[in-house]
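Next comes just one chain, in structure tokens: the form predicted alone.
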Amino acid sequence: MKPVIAAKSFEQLLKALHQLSSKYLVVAPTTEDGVEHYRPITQMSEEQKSQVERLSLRNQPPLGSVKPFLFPDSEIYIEFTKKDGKLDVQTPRASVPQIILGAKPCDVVSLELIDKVFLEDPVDGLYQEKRDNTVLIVNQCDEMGANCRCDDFGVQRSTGSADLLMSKDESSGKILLKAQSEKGNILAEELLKEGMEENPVFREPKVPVKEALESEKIQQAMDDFFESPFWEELAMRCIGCATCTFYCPTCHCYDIRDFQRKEQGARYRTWDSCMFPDYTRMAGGHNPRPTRKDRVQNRFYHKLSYFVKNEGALGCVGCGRCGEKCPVGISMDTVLNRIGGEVNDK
């Protein structure tokens, strides 16, 4: 089998993927209640399906990222019941294989950054299972989106862990898929059985690659900026809503809780945020980040300094989601421009 296959149209690709929905959970970008998110195609209305092609092939990621399909906002560890004085503990069922259509390079890199947290010792089994069962079909952008800074973070063409690359041949209207992993090869073979065909070439995007920010320089600039009064100024603007962290594709903070009603209960984890006052509150009542200034500062230092020191990479992919949704207009640029405008003009 050749590594490149083609659908005559995006509609044919969507139909072929729909035929596989008994085996895979197939998710794609669409608009729901006016907000762009990834949703299972089997749950989409015809109007929502009509938006999938535009959102999958455009040069900007949807507002909602692919993160919830690998790291859900709420997830059960164990369920338990008590009966006749005995405790019965059950673990949740295994995750189903899933295909994510229309992911962007920034989504790919965001998952690679989360991998550094969840797949290093101790390995997070729930995340690993979903990661292993996920096939990423990634569209490489031809140019920058309105809110994107991916070129500054070096991710425009970073598709290393993508399973299939997707592009559109404008002359023929064909949708081309290029497999670049074993999971991608398996899915390509299945799509051939659903009516797609082999193709001799794959259209590569021609977007120029810009020199990215140097993580070590950013980290050093941040360390030198630690005592700046700027952080008090920024805290006066921030309202502590944590919207930035929930839309961020690389934020991975969570809390573990127990729920019990009579003889039944569950232990589960939910997304948490370092922007909340209780996030770092200890059992004895002490809180090492008691003020909003401390929390705002920590968020940016984690992305631009601490993650570099611990993992060797900036903790931001330049997708622009945080700035787009922040009600007071705070974005990664807000800090990068203040630590030295020349730093992000490279």
Partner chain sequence: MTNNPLMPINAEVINIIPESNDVKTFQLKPEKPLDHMPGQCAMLSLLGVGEALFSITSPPGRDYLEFSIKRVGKLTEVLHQMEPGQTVGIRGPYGNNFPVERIKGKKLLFIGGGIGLAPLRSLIQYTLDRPGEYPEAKQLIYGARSTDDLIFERDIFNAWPEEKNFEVNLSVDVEAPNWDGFVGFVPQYLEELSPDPQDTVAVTCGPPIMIKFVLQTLEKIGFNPDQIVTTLEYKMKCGIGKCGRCNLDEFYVCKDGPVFYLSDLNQMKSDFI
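Numbering follows the first chain given and starts at 1. Owing to the predicted nature of the structure, the values given are computational and were not obtained by experimental measurement.
There is another form of this protein, the form predicted together with the partner chain, and it is not shown here; the text below is about that form.
Heavy atoms of every residue among L126, T280 and H286 are located within 4.5 Å of the partner chain in the predicted bound form. Contact annotation for F118: at least one heavy atom lies within 4.5 Å of the partner chain in the predicted bound form. By the criterion of a heavy atom within 4.5 Å, Y254 is counted among the residues contacting the partner chain in the predicted bound form. Though the partner is left out of this view, R58 does not reach within 4.5 Å of the partner chain in the predicted bound form, counting heavy atoms only. Contact between E143 and the partner chain in the predicted bound form is not found at the 4.5 Å heavy atom cutoff. Checking 220-228, 155-163, 177-185, 134-142 against the partner chain in the predicted bound form, the stretch whose residues place heavy atoms within 4.5 Å of it is 220-228. For the options D272, E112, D151, E190, the residue carrying a heavy atom within 4.5 angstroms of the partner chain in the predicted bound form is D272. With contact defined as any non-hydrogen atom lying within 4.5 angstroms of the partner chain in the predicted bound form, the contacting residues in 78-92 are I78, F80, K82, L87, V89, T91, given in sequence order.
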